[in-house]
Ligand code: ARG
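Just the one chain here, the form predicted alone, laid out as C-alpha cells.
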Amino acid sequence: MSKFKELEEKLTSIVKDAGYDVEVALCQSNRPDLGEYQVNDAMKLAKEYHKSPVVIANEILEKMKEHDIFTNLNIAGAGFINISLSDKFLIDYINEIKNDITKNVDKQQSKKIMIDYGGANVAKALHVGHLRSPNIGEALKRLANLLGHETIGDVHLGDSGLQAGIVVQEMKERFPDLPCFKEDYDGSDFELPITEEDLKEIYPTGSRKTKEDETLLENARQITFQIQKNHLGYSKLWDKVSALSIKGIKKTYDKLNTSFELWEGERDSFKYIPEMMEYLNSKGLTYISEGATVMDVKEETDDKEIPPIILQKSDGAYLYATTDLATIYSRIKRFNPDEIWYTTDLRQELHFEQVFRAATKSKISENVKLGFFGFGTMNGPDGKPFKTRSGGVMSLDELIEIIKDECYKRINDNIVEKENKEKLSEEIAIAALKYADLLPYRATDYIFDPAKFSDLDGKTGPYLLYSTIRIKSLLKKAEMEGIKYENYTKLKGKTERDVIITLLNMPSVITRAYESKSLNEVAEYIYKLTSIYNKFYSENKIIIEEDNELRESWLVLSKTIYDTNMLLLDLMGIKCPEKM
C-alpha cells in the first residue's frame, strides 16, 4: 500500500473517531496558501447527520490535532478542512520509497488480462494510422503489469481479408509458374520470388487493378474465400507472403518498443469457427437470412438500431465478426482470462458492440469482462491526416524518419559523437512520437507537429529525456567525487516540499490511468514532476552544498525522482538514452 493510501486510511479512521462514517478521499488543494490538501467530506456528512458542515469540520479538526503528521490545520468556507503534512511525514515517505519506487504504487488484486492491440494488416505497409493501437495498447499492458496483473498481448494481425486475395492474384499474374499455382501442387516448399520492398508495391498495384476491373475484384474475393477454406496452393503462398510481411511489421513495432506475447492473426481463429458455429446453432441463436447465417444481438432497452451480426455469408465465406467472435472463443478456451481488452479506432465501436453482445448472449464470454477502448485520430499540423508530398497516405516509417531528421538537427555535436547521432536521433524521435501520442486523452483527436514535439522546451518527450539524463549526470558526478548519500534527513524550502507532495500524488494518478484506460494523466504527471524538480535543481547547488546533511538529502531526493521518471518513461514504452 502506498503512503498516500495509508494517509487516506488514517484520515478515514480519524473521521470515524469523530463519530462519522465515511471513506475519506484526499484532494490536493487549489489554495496552497491554505494547505496542501483538503478534506471535503463535511458537506456530504451534514446531509446525512443533519448538522452544520462547519460544526462537523471542527469536530474532525480537533481529532486531527491529536496526530503529529498534520500541520497548518484550518477550515475554510462551508466546512473545507485544509491540511499540510509535517516535515517528518514527508522525510519518512522518501526514505520508504527511495530504494524501491514501486512502493509508490497501489497494487491491485491480480487478474489475467488479454490485450488485443497492434492489428496491422499483413501485406500492407503500416501507415500513420497504425501508430495509436500498438502505442496505447503497449502502455496499457505495462500499466496493468505495474499494478500487479498478468497480461498477454496479442498483435491480432489482419491476415484473412480481401488483401489476401488481391496479393495472391497479383502474384499469380506476375509469377504464373510458381509451383503453388499448378493443379497438381502437392504442398512442397518453394522459394518466394519477392523481397520486403517488392511486397510494399504489390498490394497497392493489385488493389488499383481491382478497383478498375470488377472481374478481377470478384476473382480476388474467390481467392480470399478459398484461402479461408484452406486451399493448398493459395494458403501456402499466403503463409509465405505473411511471414515476409510480418518481418517488416516486427521491425517497425520494435522501433516503437512494442512487444507481444502472441503473434496471432484472424486466420488462427479458423479452426475454432466450426466448433463455435455448432455451439451457437445448438443454442438456437442463429438463423438464415437471405442465405446468410446471422444472430440477433439487439436488446429491448436499445435506443439506437443495433443490426444483427452476420456470421457466414451465403457463399460460406466468413466475416470479421465471425473471426473476432471465434477469437474470443479460442482465447477463453486456451487462456481462461478474467478480462479481454481491445484498443482500436473508435470507428469500430459498433462492430465490437455487436461482437461483445454475441459473446455475452451466447455465454461464450461468461465470467469474462470484455472491454473496448477506442482512440481518436492523429493529424498533421494542418489538422488533416498526414500525407506524402505526392498526396498519398504517409507510412509510419516515413513519419518516424521526418521526426528523426528534426531531432538529428538538434543534437549537440560537442556532446554526442557523430557515429552515434543516427541511433540517438531515432531514440529521441520515438520518444517524441510516443509521448505526444499518449499526452491527449485516448479518445480525442489530436494534432502532431514534428517540429514542436521534437523541441527540448515544452511538454515534449525530448524535454523529459533531457531532464532525466541531467539528473543521472548529477548522480554520476556525486559518485565520481566520492559523495555518499543513503538517507533523507533534512527538508528545506517550499520547492522541495512541492517536489515531494507531487511525488506523493503518483499512486492516485496511476490508479486513475488504469480506470480510464488512458495514459494522458501519466503523461501530464511526469511533465509536472519533472518541471517542479527542475525548478528545485535550478534553485540549489546540490553538489557543492556545504551542509553535508542537506546535500545528502538532496541527492537521495534526486535519485528518487530519477527512478520515478525512469519507471514512468518505461511505463509509456519510452527508452531513455545515456546522453543527448
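So that there is no doubt, residue numbering starts at 1 and follows the sequence shown. The model shown is predicted, which means the values in this text are computed figures rather than measured ones.
Keep in mind the form predicted together with ligand ARG is missing from the figure; the text below concerns it.
**Student:** Want to guess which of 233-241, 441-449, 347-355, 408-416 is within 4.5 Å of ligand ARG in the predicted bound form, heavy atoms only?
**Tutor:** It is the stretch 347-355.
**Student:** Among 161, 119, 248, 507, which has any heavy atom within 4.5 Å of ligand ARG in the predicted bound form?
**Tutor:** By the 4.5 Å criterion, the partner-contacting residue is 119.
**Student:** So ligand ARG isn't shown here. In the predicted bound form, which residue out of 287, 320, 279, 190 has a non-hydrogen atom within 4.5 Å of it?
**Tutor:** Result of the distance check: 320.
**Student:** Classify residue 156 as contacting or not contacting ligand ARG in the predicted bound form by the rule of any non-hydrogen atom within 4.5 angstroms, answering yes or no.
**Tutor:** Yes, contact at 4.5 Å.
**Student:** May I ask you to state whether residue 98 is within 4.5 Å of ligand ARG in the predicted bound form, using heavy atom distances?
**Tutor:** Judged by the heavy-atom cut-off of 4.5 Å, residue 98 is well away from ligand ARG in the predicted bound form.
**Student:** Any of the heavy atoms of residue 130 lying within 4.5 Å of ligand ARG in the predicted bound form?
**Tutor:** Contact with ligand ARG, yes.
**Student:** Even though ligand ARG is not shown here, does residue 324 get within 4.5 Å of it in the predicted bound form, heavy atoms only?
**Tutor:** Residue 324 belongs to the contact set for ligand ARG.
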